[in-house]
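Only one chain comes next, encoded as structure tokens, the form predicted alone.
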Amino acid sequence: MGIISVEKADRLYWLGRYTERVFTTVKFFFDTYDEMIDAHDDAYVNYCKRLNIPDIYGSKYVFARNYLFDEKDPNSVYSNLLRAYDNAVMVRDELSTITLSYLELSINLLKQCGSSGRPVYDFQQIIDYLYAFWGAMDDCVEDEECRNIVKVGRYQERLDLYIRFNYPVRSIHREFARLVNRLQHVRMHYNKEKLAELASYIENGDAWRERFNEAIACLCSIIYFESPAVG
């Protein structure tokens, strides 16, 4: 297995983060969408606060459309999916054509949903494509180091979102364990002190709930790309 350049490692890492961001926030979105329809028109405001994104929407109707489909909104599902795809294109030789194709299918379907006015619940097919993307990542990407770097990004992003959305303690512990496991199997730099600090919040029951800002800051500081090469 050869040395992976910093640029390529960075692309793989952010591919994992952006793909997981789309996958997980879409599921959170639908919980909020149901709440907006059934009870609270302004439920999307809390959604934005949890993700630390500006509320530029003004109503549940604008939010329901623009957060999903607006390419000019840097926080939209569409924008994040495009970022995932852009990173994937730059490392397509490592990913394989079939792995990349599931991101292409997701983007094409998202465009169709946005232009056709079909119900947002058509997004289940996009979720299915992303499941297929992760399956293809395991089956079709030969380089184990590449797979692990992508999954470091994936589990870091998932842990970030689970903490923000106040997931159960058991889920937080599980995703943290997955992140630590992947970090132990990659030849890339990470901040062991920040990881240990984060562990002190997560492994101590639900201390991360009271130290939310510190936990998120630690999580965001774990990975860095400064070395000329990975390995």
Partner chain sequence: MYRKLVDHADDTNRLLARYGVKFGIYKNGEFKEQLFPYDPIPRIISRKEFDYLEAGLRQRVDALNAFLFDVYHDKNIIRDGIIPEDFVYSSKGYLPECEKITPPGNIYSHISGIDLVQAGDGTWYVLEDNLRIPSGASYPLIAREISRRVSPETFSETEIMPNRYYAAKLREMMDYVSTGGIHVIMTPGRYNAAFFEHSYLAERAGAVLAMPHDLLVEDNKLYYMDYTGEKQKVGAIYRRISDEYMDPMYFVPDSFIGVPHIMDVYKSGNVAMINAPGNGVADDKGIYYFVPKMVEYYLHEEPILHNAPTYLAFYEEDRKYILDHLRTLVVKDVSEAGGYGVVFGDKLTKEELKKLRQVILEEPRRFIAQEVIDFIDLNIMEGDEEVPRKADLRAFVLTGKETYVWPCGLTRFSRNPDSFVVNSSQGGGFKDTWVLSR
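Numbering follows the first chain given and starts at 1. Source: prediction; values computed, not measured.
Although not depicted, the form predicted together with its partner chain is the subject of the following passage.
Across the options 42 to 50, 66 to 74, 160 to 168, 183 to 191, residues that bring heavy atoms within 4.5 Å of its partner chain in the model of the complex belong to 183 to 191. Proximity of Ile149 to its partner chain in the model of the complex falls within the 4.5 Å heavy atom cutoff. For Asp139, no non-hydrogen atom is located within 4.5 Å of its partner chain in the model of the complex, even though that partner is not displayed.
Under a 4.5 angstroms non-hydrogen atom cutoff, its partner chain in the model of the complex has Ala9 among its neighbouring residues. Using a 4.5 angstroms threshold between heavy atoms, Tyr102 counts as touching its partner chain in the model of the complex.
If you take 41 to 75 and check each residue for a heavy atom within 4.5 Å of its partner chain in the model of the complex, you get nothing at all.
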